[in-house]
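First, one chain by itself in structure tokens, the form predicted on its own.
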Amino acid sequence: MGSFSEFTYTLDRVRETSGKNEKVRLLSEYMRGLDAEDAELAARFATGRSSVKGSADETQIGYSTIMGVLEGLTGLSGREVGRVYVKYGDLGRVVEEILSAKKETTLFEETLTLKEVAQSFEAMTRAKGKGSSDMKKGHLKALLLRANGVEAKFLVKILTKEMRIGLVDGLVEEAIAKAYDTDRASVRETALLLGDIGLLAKRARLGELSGVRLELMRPTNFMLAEPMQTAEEIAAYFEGRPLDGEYKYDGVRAQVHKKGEKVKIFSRRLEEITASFPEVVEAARSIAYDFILDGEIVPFSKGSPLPFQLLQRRLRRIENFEAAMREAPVLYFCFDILLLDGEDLHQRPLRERREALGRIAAGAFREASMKKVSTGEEVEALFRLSRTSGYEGLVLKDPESPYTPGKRGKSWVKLKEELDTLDVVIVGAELGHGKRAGKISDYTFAVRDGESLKVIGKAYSGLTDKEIEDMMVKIKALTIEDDGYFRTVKPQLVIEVAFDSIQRSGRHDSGFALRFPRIKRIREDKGLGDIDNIQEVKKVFESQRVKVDEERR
């Protein structure tokens, strides 16, 4: 039975080496000695997942829960634990350092196994309703009491999905191929089809990769579209060939699986979201066939799309869900079919898949709007029609293309544009997560409101690594107050921020928030007097075809 100690020892050796080939060698040698069940768990844990992709629930263990358990185990205050976190920017490393000070121990030293860890994670996932927080803490505490420092570190890394040991999914796939003497290309194709790397490892260990097919109730990766900048670029790339032009919907990309009366809905992250959309479930049940569909769940009312933000309350499944459903009725716009009554269609040309889709979807779901386009002028005209109708842009598809799970190729391309940009000033900054842990890379920014500044959002994407390093130097020099995790910054650094829309919000003192803000450029040519004001924000908000008040969600 695979010990968790041996697993974490291997991962620590992987972390300590910088060479990709050496990382693959270490993991493959370890996995070679595991049975199929332990191989499944080891591969999944190594990529920072505690449960199989497609699960309706996860452990839902957050930073605050882990911090609370640590304080109880060690007797350290939250501030003391926080100081160690600032040192590393990595909660796993924090646990490893301070666990030696824990005041409680188990009566007997017992070796943890991979299966026992998986069972504890499952117990955390099952904990629901009143008292569930205490139950989750109890399970976590029990694990940490049995764990040594290295084991505890990786327990937390898995639960927070922050492994940060340079072991991305692709390298784990390579290790699986090497461990079980399997062709790397076959492993990659099977991985995209299966969706879950643990299942991939299990099938490879059993020598069953060649038998993997699409399967109802098991999500597969979604085919992705490559972004392109202009209609002319798209037309030139496809050399004037006819394309299927579809509106780009602003909703939740979703796979709908139906088998008899059973229906499941999976998000782009391959997480089950069935409970959030009962009307989609009922519509699927009305269809006489079994199938896997790909499409977009869109908030929609009176012939027009509603703002995406209205879906978020439904996805969170908060209280008063019925009111959230009334506020955000949805339609499922389906645009592809992967499987129909047991027949795998995903390698057929899109034009054939569309014919099959048309036969089953009518009356239950809305097929995505589609028009044939060839020239740059036709693409641009359809793009403008999409935008004026309240959609994000266009997706252009080659009608001869197969469905390639998990791949972003130029058989499908997308064309969209930003709503607008604002010049804003940075007033706060904090440490990033993941690969930016320990770096000041998340920026809170504001616009002018008379003589004062009002916060309108936070952005962490758009800058290069070099620009982030340069900004860190400037922010440290401009820091007014440093709370360890968050810095209040003298307002001098101006950035141009792009965004998709503006919503009313009680989170910021401006009363507004930008949706999907991203830094377009650092405006070293501008100063505090050049930033936009709250009147410009209101003007952009009022210009939107659809508006949302975040506080209503």
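What you see is a predicted model, and the numbers here were worked out from it, not measured in a lab. Throughout, we count residues from 1 along the sequence that is shown.
The discussion below concerns the form predicted together with adenosine monophosphate, not included here.
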If we test each of 128, 268, 476, 466 for a heavy atom within 4.5 Å of adenosine monophosphate in the model of the complex, the one that passes is 268
Only hit among 416, 348, 141, 371 for heavy atom within 4.5 Å of adenosine monophosphate in the model of the complex is 416
| 4.5 Å heavy atom contact, residue 253 to adenosine monophosphate in the model of the complex | yes
- Is residue 173 close enough to adenosine monophosphate in the model of the complex to count, meaning some heavy atom within 4.5 Å? no
>> Within 4.5 Å, heavy atoms only: does residue 196 come near adenosine monophosphate in the model of the complex?
In response: no
task = Report yes if any heavy atom of residue 247 sits within 4.5 Å of a heavy atom of adenosine monophosphate in the model of the complex; otherwise report no.
result = yes
Answer among 155-163, 390-398, 276-284, 229-237 for heavy atoms within 4.5 Å of adenosine monophosphate in the model of the complex: the stretch 390-398
